[in-house]
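Take a look at this one chain, the form predicted on its own, written out in structure tokens.
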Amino acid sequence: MGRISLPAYHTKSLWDNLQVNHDSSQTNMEMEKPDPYPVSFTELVRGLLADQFVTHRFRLIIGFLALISVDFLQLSIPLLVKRAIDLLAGQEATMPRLFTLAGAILAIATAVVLLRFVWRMLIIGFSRYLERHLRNRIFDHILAMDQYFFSRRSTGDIMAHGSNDLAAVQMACGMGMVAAVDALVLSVAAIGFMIYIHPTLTLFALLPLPFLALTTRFLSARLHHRFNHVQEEFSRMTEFARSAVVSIRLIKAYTHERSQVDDFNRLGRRYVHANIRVALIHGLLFPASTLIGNIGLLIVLVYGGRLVIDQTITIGDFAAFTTYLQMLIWPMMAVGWVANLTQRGVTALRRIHGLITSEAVLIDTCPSSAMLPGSSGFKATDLTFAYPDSARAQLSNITFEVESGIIGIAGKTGSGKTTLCKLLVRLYPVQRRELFYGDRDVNEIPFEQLRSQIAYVGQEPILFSDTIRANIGFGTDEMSMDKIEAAARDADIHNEILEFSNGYDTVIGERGITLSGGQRQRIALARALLYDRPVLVIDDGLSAVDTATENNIVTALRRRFSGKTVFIVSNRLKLLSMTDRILILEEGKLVDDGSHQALLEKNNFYQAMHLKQMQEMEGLSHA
């Protein structure tokens, strides 16, 4: 390869995950793939759209009445033209009669403009309301999902559902419905007028239409899978871009910009290729419609011209008939366009349905009226846990009881420390009678109520591209500035914030990119302290701060959390020595439990960790 590899979580592994086989045999088999979201169209409409059609029924009724009125007004114009031509051909025309016909056409055109504005406002407006409804449902569902859901779906895929898929549904339920109704009404009425003028000529003129139906059916069957492939490629490209932006400092640190550009370019080429394959179908539908429409016009010119020569129909009839036939070209073209929009919309709707009908592994079955226990302690009894896709247990038969105080959690990498924190915060399911909050099984406490008792600081601080004030006061608009500053002081970050150009109003970049690691951790800690909850879980959230700052923070924690519970995951002896009790995990098991001094006397892992860190400190002092 000849280039530095990035850590496993980043884009190298992402690119490997995004790779798909695009050889010709697989491309040819693409149309044979089963639908990833097998659900009938009726179920889709009933489950996702029906309530919106009911809610906005009056808007739709008025809108479609305006649309149909426009069609009939347009269809009346050829009759007026026919009348004018027949008057001219029979030398019966006078200026007043011609002005009367011209005035009627002008009045009809004015009415068409006004009614067209009405249906556009009402029907296209409905499609935007529908889009908003689906977007809210997607967002609500995503927020209700558990950690397992996000481990199975990339951010790019979720973003594609909320952008490309929604746009496709909006177009299908907006211009798609308009074109379908417009084409149906216009074609039926135009054919009726044509039959009135001359039935046999109408029959010959419409002979090519069955070929259009067959062509549309043949091409539309291939459009569905190709458009679904476009959406999948868009998801991959979006996720790659998101990952690159989030990890931009890492990319630059490894001088990996060129390879990222190359990988993104490959994804872009695949996305363009998928779109071109859709455009190929789309491009065939319109020319086919036009060709078939012109074949009908050719028949009219030959056969209809003979009827005029034989004086079976008048010149005005011929002109009106030709106008109606030309009006039919739009509905014939609309067949292909509507088929395209419908296939795109149905495909996108199926993808959205697959997203919002996905079920969480962690399901809240407790009534919201359940009461919380008075104690803030935790008790684990033979707690065992394995991730849904894992073949082995990450935690095995862990038993402990914590009433209050500062509890340290230590252990080797992969020993289960973070997993235990996630279970305490109820991010994954646990078996009944294995984990208790106070005297209550956590399975008997609603998620919202239990989580409202716990403040959490993760390994990777989550910060937003907003002001420091907004990041600390996230979700707590009623908090005063005094409380925000007090939380920042206890997190030992207040003075550093004041040194920024705008103090607490300083805007930090995405994920706090303008801050140091220690500053990010302490701002995230200040946010947790602001909530002032009975339990605080810090999952290695102080790894980037120095020992003096650690000491200040722990002192503040003892003051703030007197009589409450604090869990701190760390392997730093200085920090662990300031805790009341330490749990030692090894390969998912609780192998020891005791104070800092007791563990120094009896635990081999703790002794080795102490010796190593003491040697490192001595090395630094001699340097």
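By rigid core we mean the largest C-alpha set that fits within 1.5 Å across both forms. Since the structure is predicted, the reported quantities are computational estimates derived from the model, not experimental observations. All residue numbers refer to positions in the sequence shown, first residue = 1.
Here the subject shifts to the form predicted together with a small molecule, a form of this protein not shown in this document.
Q: Is the small molecule close enough to 387, 392 and 416 in the predicted bound form that each of the three has a heavy atom within 4.5 Å of it?
A: Yes, each of 387, 392 and 416 comes within 4.5 Å of the small molecule in the predicted bound form.
Q: Heavy atoms, 4.5 Å, the small molecule in the predicted bound form: which of 204 to 212, 418 to 426, 178 to 186, 191 to 199 makes the cut? Say which one.
A: Of the options given, it is 418 to 426.
Q: Can you pick out, from 259, 155, 467, 459, the residue that has a heavy atom within 4.5 Å of the small molecule in the predicted bound form?
A: In short, 459.
Q: Of the options 451, 412, 494, 120, which one has a non-hydrogen atom that comes within 4.5 Å of the small molecule in the predicted bound form?
A: Contact with the small molecule in the predicted bound form is made by 412 alone.
Q: For a quick test of reading the superposition: does residue 531 move by 2 Å or more at the CA between the shown form and the other one, rigid core aligned?
A: Stays below the 2 Å threshold, so no.
Q: Answer yes if the Cα of residue 72 shifts by 2 angstroms or more between the shown form and the other one on a rigid-core superposition, and no otherwise.
A: No.
Q: C-alpha of residue 117: shift of 2 angstroms or more between the shown form and the other one, rigid core aligned?
A: No, because once the rigid core is superposed, the C-alpha of residue 117 moves less than 2 Å between the shown form and the other one.
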